[in-house]
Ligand SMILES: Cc1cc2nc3c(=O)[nH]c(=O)nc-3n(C[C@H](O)[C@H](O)[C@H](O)COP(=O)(O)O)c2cc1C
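Next up: a single chain in structure tokens, the form predicted alone.
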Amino acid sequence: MRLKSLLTMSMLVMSIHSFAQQTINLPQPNKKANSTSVIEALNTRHSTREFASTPLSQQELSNLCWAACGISRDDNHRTAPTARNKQEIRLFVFTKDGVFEYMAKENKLIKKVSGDQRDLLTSNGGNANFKQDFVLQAPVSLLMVIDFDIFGSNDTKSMQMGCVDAGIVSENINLYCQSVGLVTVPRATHDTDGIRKLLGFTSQQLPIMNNPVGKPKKH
């Protein structure tokens, strides 16, 4: 009986440890980080397809996700506006360690899938001759997903507004990266069906854009 109790407790501890590894509590975003002005970021913004292999720190990742679509002035508003404040854009973080979803209100990452899945972002899945391997250089790629279950409709107008909202999140990423010395490029190339299968999405969740992000490569 005692052995059985010890085994049960051991399994419980292992389960708790395993669950803990699935969640990354990010440090609070540094809203006073050194950065250029919005005017300067607009003037110098450019797309980059070369990245240093240097990983981003958790603080840099927290700042980046917050800039993309984090909580701003109160619990009901984001750094990126959305139609009717539906907040239907979900942000997924692809790294060599797995795929995580950014939970803005808790400022944390929840692991959805383990392992390096960035290859799903290199092509559209339907053309074997077209592949953009530069994505694999970036330590982080941010994927924007329109969730029509959250929006409440998937008609033509809803589709249009979801695309606009995803574009706003992408532009937040572009300007933030430019302002703090990171590099990125907005993209619409990815394997939509493969991502849906990987993350258990239905037709109501549409992967729409992605931004690989990293530090500039030195030549």
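Numbering starts at 1 and follows the sequence shown. Because the structure is a prediction, the values reported are computed rather than measured.
The following text describes the form predicted together with this ligand, which does not appear among the structures shown.
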Proximity to this ligand in the model of the complex (heavy atom, within 4.5 Å), stretch among 104-112, 72-80, 144-152, 127-135:
127-135
Please check if Gly194 has a heavy atom lying within 4.5 Å of any heavy atom of this ligand in the model of the complex.
no
Is it the case that Asn43, even though its partner is missing from this view, gets within 4.5 Å of this ligand in the model of the complex, heavy atoms only?
no
Would you check, heavy atoms only and a 4.5 Å threshold, whether Pro186 touches this ligand in the model of the complex?
yes
Are any of the heavy atoms in Leu206 no more than 4.5 Å from a heavy atom of this ligand in the model of the complex?
no
Sort through Ser47, Ser57, Thr156, Asn34 and report the residue having a heavy atom within 4.5 Å of this ligand in the model of the complex.
Ser47
